[in-house]
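Given as structure tokens, the chain that follows is alone and in the form predicted alone.
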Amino acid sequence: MISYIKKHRFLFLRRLSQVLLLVLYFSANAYSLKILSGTLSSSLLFETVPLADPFAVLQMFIAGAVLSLDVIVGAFIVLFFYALIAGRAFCSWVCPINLVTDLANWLRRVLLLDKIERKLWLGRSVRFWVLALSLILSFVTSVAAFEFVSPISMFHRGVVFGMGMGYAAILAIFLFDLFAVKNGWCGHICPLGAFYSIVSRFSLLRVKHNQPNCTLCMKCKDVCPEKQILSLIGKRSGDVDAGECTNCGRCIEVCDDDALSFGIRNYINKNG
């Protein structure tokens, strides 16, 4: 039991974080427990500290919306937290869609769907094109384009205020990840993930690799949702410094060699 917990410790903590946030938002709406109120796009912590999605605020700014000071301050607070400290942790520790995509990927492994040859190929750069398209459409239509159709917002608002037709978008993502492309939404399409990949390129929290301990079992690459970032495995010690890393910790959990761990980025000697 202890071994199982150790092998899934970050997964348990991530689920606790994701569910707790949904409970806090729901409680603010249903029971007036104002610890965290609003939505992921714009929130208030203890009815005082503003928090806002910087990508949503960027879209609104490009669309020509007049932004309040609270929204701007909230966006900078969140942006600085991920850009300077936590990296792309939003995607694995906060985003509710991660619950859906992780379930789809677990089923893929159970049903051995990865062993079936797929005809559909989707490059990981697509998400950056979707990011650019979201900003262009926001400018052209004067509407925050991605926010208008975001399944992340649909899921979150659905839990807090009532789901409505949001089920359809969530089901579509689940089926897409299950049958079409592994890590399809988060790893290939989502523009919010692309946004955090860019802004968190130089964040402090990093997965570190200790090459002398590595036995090249490659379990880390099997579980990593962005396995292309683990190019240093077995080759050299150092930081996994790609912005696409979600800091989910799964690679650390499955490593039996203690070759991977969380740490602070080494700016002085990148090779450790």
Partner chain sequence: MSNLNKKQVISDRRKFIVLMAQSIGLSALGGLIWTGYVQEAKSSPLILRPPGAKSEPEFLKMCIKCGQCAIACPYDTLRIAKPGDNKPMGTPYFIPRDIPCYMCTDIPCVPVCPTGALDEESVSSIKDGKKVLDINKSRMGLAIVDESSCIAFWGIQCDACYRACPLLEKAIVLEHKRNERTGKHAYLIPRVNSEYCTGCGLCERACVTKKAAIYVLPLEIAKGEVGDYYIKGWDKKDENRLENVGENVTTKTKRSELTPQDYLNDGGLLDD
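Predicted model, so just to flag it, every value in this text is computed and none were measured. Positions refer to the first chain, counted from 1.
This next part talks about the form predicted in complex with its partner chain, which is not shown.
Considering its partner chain in the predicted bound form, the lone stretch of 171-179, 92-100, 132-140, 79-87 in range is 132-140 [heavy atom distance within 4.5 Å]. Residue contact check for residue 219: none of its heavy atoms lie within 4.5 Å of its partner chain in the predicted bound form. Using a 4.5 Å cutoff between non-hydrogen atoms, residue 149 counts as a contact of its partner chain in the predicted bound form. Taking the partner from elsewhere, residue 188 is found to have every heavy atom lying beyond 4.5 Å of its partner chain in the predicted bound form. Of the heavy atoms in residue 44, some are within 4.5 Å of its partner chain in the predicted bound form. Along 65-95, a non-hydrogen atom within 4.5 Å of its partner chain in the predicted bound form is carried by 65, 66, 67, 68, 70, 71, in order along the sequence.
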